[in-house]
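Starting off, we have a lone chain in the form predicted on its own, written out as structure tokens.
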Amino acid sequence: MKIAILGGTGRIGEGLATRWATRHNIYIGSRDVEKAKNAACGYSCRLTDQGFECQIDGTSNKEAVEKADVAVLSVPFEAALDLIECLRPVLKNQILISLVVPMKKENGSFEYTPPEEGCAALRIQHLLPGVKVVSAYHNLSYRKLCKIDLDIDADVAICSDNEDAKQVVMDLTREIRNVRPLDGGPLKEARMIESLTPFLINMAKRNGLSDLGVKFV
């Protein structure tokens, strides 16, 4: 499978890229093509040094999407909306995975600030009515993801109105060792999963913790 990671030079993008690159062709997308190429080279070298074969290329966001079967939207909310406007002509048959969380920092804490549609995923679907939007991976620790030999032991709730697209993302999730995909229902349920992100960040800060995730027991 060909997977574009938009915002792939960021922390969560690195983690997903290195987890999937041993089985799939990965395209790191960025506004800065040179930055994307440098990131792709760094990820490839790290995997190769650990004995893995991989295929990771750096390119523009547009070119990454054009080549992809699945595109991962891994940028802040406002940047995601701007990026979608730029990529609208090439977003057609791809599955688009949204990691986006609308939130702001106020008085030292983060607050969930959903758009009028109720959550970022629904806003993105509204902007891209023909695209198969899937909401996932909001609450995975990027530090744990980047340690590819580490069992993360976490659950991922996956929401979408397209059952086939949801199944593709659930299968991709199973490839991340010891991460369990769970059917989170239709896309409207993503509001609850998105809102956990600022909650977990705030709770970690208040309790001196790090790398919190979600496990349903």
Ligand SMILES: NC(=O)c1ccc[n+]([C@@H]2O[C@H](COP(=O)([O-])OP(=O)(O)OC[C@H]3O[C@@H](n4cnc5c(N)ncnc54)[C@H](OP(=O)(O)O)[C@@H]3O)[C@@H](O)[C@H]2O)c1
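Everything numeric in this text was worked out from a predicted model, so none of it was measured. Residue positions are given as counts along the sequence shown, with the first one as 1.
Keep in mind the form predicted together with the named molecule is missing from the figure; the text below concerns it.
> The named molecule isn't shown here, but in the model of the complex which of K35, K188, R46, R180 has a heavy atom within 4.5 Å of it?
Of the candidates K35, K188, R46, R180, K35 is the one lying within 4.5 Å of the named molecule in the model of the complex.
> Just checking whether Q125 would be counted as a contact of the named molecule in the model of the complex - the rule being heavy atoms within 4.5 angstroms.
No, Q125 is distant from the partner.
> I'd like to know if R23 sits close to the named molecule in the model of the complex, meaning any non-hydrogen atom pair within 4.5 angstroms.
R23: no contact with the named molecule in the model of the complex.
> Considering non-hydrogen atoms and a 4.5 Å limit, does the named molecule approach A79 in the model of the complex?
Contact with the named molecule, yes.
> Does at least one non-hydrogen atom of S141 fall within 4.5 angstroms of the named molecule in the model of the complex?
Contact check for S141: yes, within 4.5 Å of the named molecule in the model of the complex.
> Just one of 69-77, 126-134, 110-118, 89-97 has heavy atoms within 4.5 Å of the named molecule in the model of the complex; which?
In short, 69-77.
> If you look in the model of the complex, which residues in 21-47 sit within 4.5 Å of the named molecule (heavy atoms)?
The stretch touches the partner through S30, R31, K35.
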